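Taking the form predicted on its own, here's one chain by itself in structure tokens.
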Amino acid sequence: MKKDLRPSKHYGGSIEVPGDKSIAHRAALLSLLAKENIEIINFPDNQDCNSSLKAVEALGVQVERNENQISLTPPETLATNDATIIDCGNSGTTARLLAGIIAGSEMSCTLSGDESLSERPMKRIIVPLTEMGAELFADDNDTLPMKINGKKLLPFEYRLPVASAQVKSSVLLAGLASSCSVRVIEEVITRDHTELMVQHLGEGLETRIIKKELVIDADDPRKKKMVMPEDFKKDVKTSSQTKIIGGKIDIPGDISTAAFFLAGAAISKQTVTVAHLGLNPTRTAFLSYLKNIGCKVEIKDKETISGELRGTVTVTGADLKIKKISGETTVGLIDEIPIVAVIAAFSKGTTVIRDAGELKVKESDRLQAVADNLRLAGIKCGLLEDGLAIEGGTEFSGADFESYGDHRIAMAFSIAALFAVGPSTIDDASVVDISCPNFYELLSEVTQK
């Protein structure tokens, strides 16, 4: 569905965005391991999260919808056979987390996906789950479809070789499903929605954050210095007694979706407010980025519900400065890099983004997609091995932008088109349904007085 977009004369206002995708996936999938019902409020009605709902329903969970609430009743036993195929659609989170649950549940089935998902790497979960004793069979490229023969797994300790909450969650859920002890070690702290939800709905999961300690300098006892007592930053442990009981989950608004609308405020020097927005500390790197480039960021009405922090966020734009993005900052911004790149195009100077090679294996090669679209708009953009170099501050021309079948690319350049010189188009606006079907309705709320 091609969509015409024109520069907007007005930008600003107050909105609420759909529920957080990452939390919604986990709420649905944990119903497979729960002893009692899980009630979910504000479950986002998008294609990705519905893939998780359909998957658990196919495995025996009873799903009941009542307006804004979903009730999930777990089956007495999980049962599949060699002919069972679970379609994960476009959702990598569904595939990777469900693989862990199936691997430890003594079930047998095949996970499949659409064309895009079938090109994304699964080796990152195949390796640790196989080491735990599971049997997983993919093609030569370690992609879907993937046959899983679950079985009783072995106690396991795993140091994440790549900063990935999906890999961490897959291993933890495999241990939960198999009632075996698991320890996952993180050198870079990733999203902790799985840990928070297991603690909220169940019991027996422990986390430890490693902090610097003040010690006496061995070379000079008169001096003290701050050192890390371990060579990692966090570990998460489950035991054979860790379990999911059940309960209620109230999902806050998705900050990765809100980022697009807040970016518009940054570029336009106007103000946008988003209420009931998720403020999990592992997800707020985008707000810190906006502050660092000169925007005013206000947070009010903070409260913790269902284990997750939320609040009302107001962003007011300003003359934008440039800020290099790399390392752990990139990890924290990984979903927001496309819209960060758009912001960079409207900032004077050259913005360098590094350590973002992970974006090559998302719904599209997001680095290439961003570079191609920025160049269509007349912005100089260098494609680096693991990132981008964007020369901003020049005229951003309207163009016929390509989504590459990627919701975040479509949304990022729909925002960019509002501040372009001349009209633009998006080749397929329907891809926003993957994460935010009402994206363009929300966009009309902030562009019309």
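Numbering starts at 1 and runs along the sequence shown. These figures come from a predicted structure and were not determined experimentally.
Keep in mind that the form predicted in complex with shikimate-3-phosphate is missing from the display, and what follows is about it.
S.K.: Can any non-hydrogen atom of Thr242 be found within 4.5 angstroms of shikimate-3-phosphate in the predicted complex?
M.R.: Close contact is absent here: in the predicted complex, Thr242 is far from shikimate-3-phosphate, nothing within 4.5 Å, heavy atoms only.
S.K.: With heavy atoms only and a cut-off of 4.5 Å, decide whether Val297 touches shikimate-3-phosphate in the predicted complex.
M.R.: No, Val297 sits far enough from shikimate-3-phosphate in the predicted complex that none of its heavy atoms falls within 4.5 Å.
S.K.: Is Thr93 close to shikimate-3-phosphate in the predicted complex, meaning a heavy atom pair under 4.5 Å apart or at it?
M.R.: Yes - in the predicted complex, heavy atoms of Thr93 and shikimate-3-phosphate come within 4.5 Å of each other.
S.K.: So, Ser435 and shikimate-3-phosphate: in the predicted complex, are they within 4.5 Å at any heavy atom pair?
M.R.: Result no; Ser435 lies far from shikimate-3-phosphate in the predicted complex.
S.K.: What is the one choice in Glu195, Glu106, Glu308, Glu358 with a heavy atom within 4.5 Å of shikimate-3-phosphate in the predicted complex?
M.R.: Answer to the contact question: Glu358.
S.K.: Note which of Leu176, Ala165, Ala265, Leu290 lies within 4.5 Å of shikimate-3-phosphate in the predicted complex, where distance is taken over heavy atoms; exactly one does.
M.R.: Comparing distances to shikimate-3-phosphate in the predicted complex, the residue within 4.5 Å is Ala165.
S.K.: Can you check 299-307, 243-251, 332-340, 200-208 and let me know which stretch has heavy atoms within 4.5 Å of shikimate-3-phosphate in the predicted complex?
M.R.: Result for this chain: 332-340.
S.K.: Taking heavy atoms and a 4.5 Å limit, what residues of 186-202 are near shikimate-3-phosphate in the predicted complex?
M.R.: Counting only heavy atoms within 4.5 Å of shikimate-3-phosphate in the predicted complex, the single contacting residue of 186-202 is Arg191.
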